[in-house]
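Before any questions on binding or motion, here is one chain by itself as structure tokens, the form predicted alone.
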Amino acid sequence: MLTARYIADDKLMPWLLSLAETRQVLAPVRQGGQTLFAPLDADSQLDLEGLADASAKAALLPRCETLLEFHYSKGEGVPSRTELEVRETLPDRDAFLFGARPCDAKGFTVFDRVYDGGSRRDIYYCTRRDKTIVAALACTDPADTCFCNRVGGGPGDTDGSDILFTPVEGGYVIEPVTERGEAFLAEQPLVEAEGRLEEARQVRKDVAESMPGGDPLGGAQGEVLRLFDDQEFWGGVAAKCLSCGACSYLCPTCYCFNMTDEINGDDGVRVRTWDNCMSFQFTLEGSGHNPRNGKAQRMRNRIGHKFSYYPELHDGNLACVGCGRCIVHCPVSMDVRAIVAQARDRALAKQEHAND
């Protein structure tokens, strides 16, 4: 394995800009008062303080992307016949995703199980995944709303990353995580970390020990599922929800999408866009029937998917990485940690009552 590398603070931006000459570099930058992942250029204001307002998932699953282009034409020599020409629009550019926090990078592993699940391979996601080096940045100042440690992660975890940057005095220690990350770093003009590697490990250890406490939120599949028909519970926890969908759009692990064909004359495109399960329209059928026509049903689905249905399908892995964005940006301050804890308490209380 390649030895760890080091880069000084004042060398970081020039190095990233040099990478941007041959590949797209996505990094957290200030835009309109927010910190968002965007293509980096010389005018970008790189922001590595805390968690970006939005997750990095758009790097691999764009908010809106064209899946294919098509064109209708009259059949040659047979006017009554319509011919259809379809053109692929696969991503073709290499990318370097810098500054994703470990929770963001772990979110990609949630995507991997769905979009790269053997025979169910999404070629658009997988092509971007293959072409993107994910360079995570270890956290040094977790917020009170961070709870990666309660869902199986940590502020210095490497799941989903190819490379891990750890802030140390005067710069960053850079460690390869995957063979791809190692090969990438071997081509870079970076100095060896030498004695700084132990400092990086101590930084990660100290931050992990400073994380907010609380009971683990995993292992609640059974409890959440037992409340499936408890409309009183779900109605109560969803009462103040505005169904704005901010939680889903900002979540590193929400991967639902919608597809539409947009046609102009004989030409058209098939577009995939993010969707969110807290929207009334998410399950609205053409007949007008909606199996989740209330906030209670939609909240049940959101919590159930992350803490029961997904783990049941994927070896106990949660579809939550504990970034806390859904708490920070919820306009009515709903707290997913409290909802799961309430669900667990409610299910246990009902079980005890049934055993009396």
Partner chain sequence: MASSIDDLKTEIKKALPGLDMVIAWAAGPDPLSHTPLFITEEADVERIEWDPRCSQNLAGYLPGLRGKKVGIVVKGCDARSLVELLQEKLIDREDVTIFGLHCTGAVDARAARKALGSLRGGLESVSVNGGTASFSMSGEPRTLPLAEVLQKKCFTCTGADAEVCDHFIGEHGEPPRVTETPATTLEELEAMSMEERLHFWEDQMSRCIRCYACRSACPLCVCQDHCAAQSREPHWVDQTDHPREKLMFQAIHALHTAGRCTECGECERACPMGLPIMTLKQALNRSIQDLFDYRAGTDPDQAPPLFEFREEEKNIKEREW
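Numbering follows the first chain given and starts at 1. In this text, all values refer to a predicted model and were calculated from it rather than measured experimentally.
What follows is about the form predicted together with the partner chain, which we do not show.
Visitor: Spell out, yes or no, whether the shortest heavy atom distance between Ser210 and the partner chain in the predicted bound form is within 4.5 Å.
Guide: Ser210: yes, in contact with the partner chain in the predicted bound form.
Visitor: Please check if Cys64 has a heavy atom lying within 4.5 Å of any heavy atom of the partner chain in the predicted bound form.
Guide: Yes, contact at 4.5 Å.
Visitor: Though only this chain appears here, would Gln31 touch the partner chain in the predicted bound form if you measure heavy atom gaps against 4.5 Å?
Guide: Gln31 belongs to the contact set for the partner chain.
Visitor: With a 4.5 Å heavy atom cut-off, would you call Ile327 a contact of the partner chain in the predicted bound form?
Guide: Yes, Ile327 lies within 4.5 Å of the partner chain in the predicted bound form.
Visitor: Would the partner chain be touched by all three of Pro91, Val173 and Glu192 in the predicted bound form, meaning a heavy atom each within 4.5 Å?
Guide: No: none of Pro91, Val173 and Glu192 comes within 4.5 Å of the partner chain in the predicted bound form.
Visitor: Which is the contacting stretch out of 163-171, 210-218, 125-133, 105-113, given heavy atoms within 4.5 Å of the partner chain in the predicted bound form?
Guide: Heavy atoms within 4.5 Å of the partner chain in the predicted bound form occur in 210-218.
Visitor: Consider the chain as shown here, without its partner, and state which of Gln188, Thr82, Gln281, Gln231 has a heavy atom within 4.5 Å of the partner chain in the predicted bound form.
Guide: Among Gln188, Thr82, Gln281, Gln231, a heavy atom within 4.5 Å of the partner chain in the predicted bound form occurs only for Gln281.
Visitor: Which pick from Met334, Ala341, Leu17, Ala347 sits with a heavy atom within 4.5 Å of the partner chain in the predicted bound form?
Guide: After the contact test, the surviving option is Met334.
Visitor: Let me know which residues along 248-263 have a heavy atom within 4.5 Å of the partner chain in the predicted bound form, or say none if there are none.
Guide: In sequence order, Tyr249, Leu250, Thr260, Asp261, Glu262 come within 4.5 Å of the partner.
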